[in-house]
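Next up: just one chain, as structure tokens, the form predicted alone.
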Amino acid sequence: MSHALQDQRPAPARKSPAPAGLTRGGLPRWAPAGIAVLSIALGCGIGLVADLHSKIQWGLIASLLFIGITYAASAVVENRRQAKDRVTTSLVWVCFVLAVIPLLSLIWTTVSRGMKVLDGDFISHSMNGVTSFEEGGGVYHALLGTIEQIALATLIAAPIGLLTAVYLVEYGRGSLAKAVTFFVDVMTGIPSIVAGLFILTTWNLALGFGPSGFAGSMALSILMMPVVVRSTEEMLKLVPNELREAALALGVPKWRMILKVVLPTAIGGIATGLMLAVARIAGETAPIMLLVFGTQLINNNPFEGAQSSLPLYIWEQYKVGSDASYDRAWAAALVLIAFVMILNLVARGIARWKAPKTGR
């Protein structure tokens, strides 16, 4: 009987063989790098044979060859599904390289051209007594004006933008919040010249004040506010509601909960958004031309008299057209980039220092 029962047991099912398309070999790990080198060599060769003078055309040809060779090699060695995956990855890498190359080219050109005259004397001297066609002079007056104008604009825009974002996230309901959101979106796209004309009409013409760094700061703060509002609003929305509910459950007033729980939790993102706003206004020239006028002298008082700024200084020097002025313009551009970078690093350090500690 036992033998009969054993004979009636079903035989174990055999594993069906995997489709042939899924078991084929794969490309070696060095294949993408090898294909990239081959594509660059072919792109350069085609560019030389076709007498293409633009290196951009060579790069585009190499990019297309890289994508095409990757698909063909993967389709032959692997399968079409894997080939489509590799093509998608190749497109991502090509887009990344195309985005990074202009940035690296800009940095290299600015550093190589700006380092010709950038030294201690250039930072610590103004253009007082130096004609635009002569060598020498410096950027101290423009750097001082930029620091003062951006500091005043930040003092104006940061509190207003922060409080507006807190209102929209924590208190805003109904038509008023919708109206504030709408006008913030509209202000985001305002051209800088319009902000300068608004301050020129109200502050200078209507109230009778003269050119000053403070007038330029007010125009810059108009450009800065919507960026601060939007970035802070998004950061506050990322704070978990559980933290708010826990604080309110302990009997903490809402204003204190916002001050002690919500803002410290989002301080890193808020600082990053503030630096984005500073970078937005650091290179503006039109409001400074209208309201600050520019000068070759050092003016420590931003509330009285004309001042200069780094963007305006760059434009003035480049407009002259001499070799010495071109060198000063590139050096000032390098100083401006370094200035924004230092501000970004300082803000990140403060945000990390003030951020709530995580751990047990």
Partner chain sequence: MKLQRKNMLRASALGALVVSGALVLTACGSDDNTKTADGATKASAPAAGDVKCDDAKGKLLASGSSAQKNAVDLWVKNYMAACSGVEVNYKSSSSGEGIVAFNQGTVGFAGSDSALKPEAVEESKKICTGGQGVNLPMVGGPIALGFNVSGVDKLNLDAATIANIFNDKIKKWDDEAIKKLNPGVTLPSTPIQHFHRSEDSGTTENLGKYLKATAGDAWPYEAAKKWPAPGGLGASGSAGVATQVKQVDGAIGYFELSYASAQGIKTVDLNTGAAAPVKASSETASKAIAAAKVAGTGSDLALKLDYTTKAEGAYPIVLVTYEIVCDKGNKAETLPTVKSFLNYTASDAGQKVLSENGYAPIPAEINAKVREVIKSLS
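Residue numbers count along the first chain shown, from 1. Just so you know, these numbers come straight off a predicted model, no measurement behind them.
Absent from the display: the form predicted in complex with its partner chain. The rest refers to it.
Colleague: Within 4.5 Å of its partner chain in the predicted bound form, heavy atoms considered, which of V320, C44, I67, L38?
Modeller: Residue within 4.5 Å of the partner: V320.
Colleague: Would H125 sit within 4.5 Å of its partner chain in the predicted bound form, counting heavy atoms only?
Modeller: Judged by the heavy-atom cut-off of 4.5 Å, H125 is in contact with its partner chain in the predicted bound form.
Colleague: Looking in the predicted bound form, any heavy atom of Y140 within 4.5 Å of its partner chain?
Modeller: Although its partner chain is absent here, Y140 would touch it in the predicted bound form, with heavy atoms inside 4.5 Å.
Colleague: If you check in the predicted bound form, is L207 within 4.5 Å of its partner chain, heavy atoms only?
Modeller: Taking the distances in the predicted bound form, the answer for L207 is no, it never comes within 4.5 Å of its partner chain.
Colleague: Would you please decide whether L297 lies within 4.5 angstroms of its partner chain in the predicted bound form, comparing each non-hydrogen atom pair?
Modeller: Answer yes; at least one heavy atom of L297 falls within 4.5 Å of its partner chain in the predicted bound form.
Colleague: Does any residue in 238 to 263 get within 4.5 Å of its partner chain in the predicted bound form, counting heavy atoms only, and if so which ones?
Modeller: Just K260.
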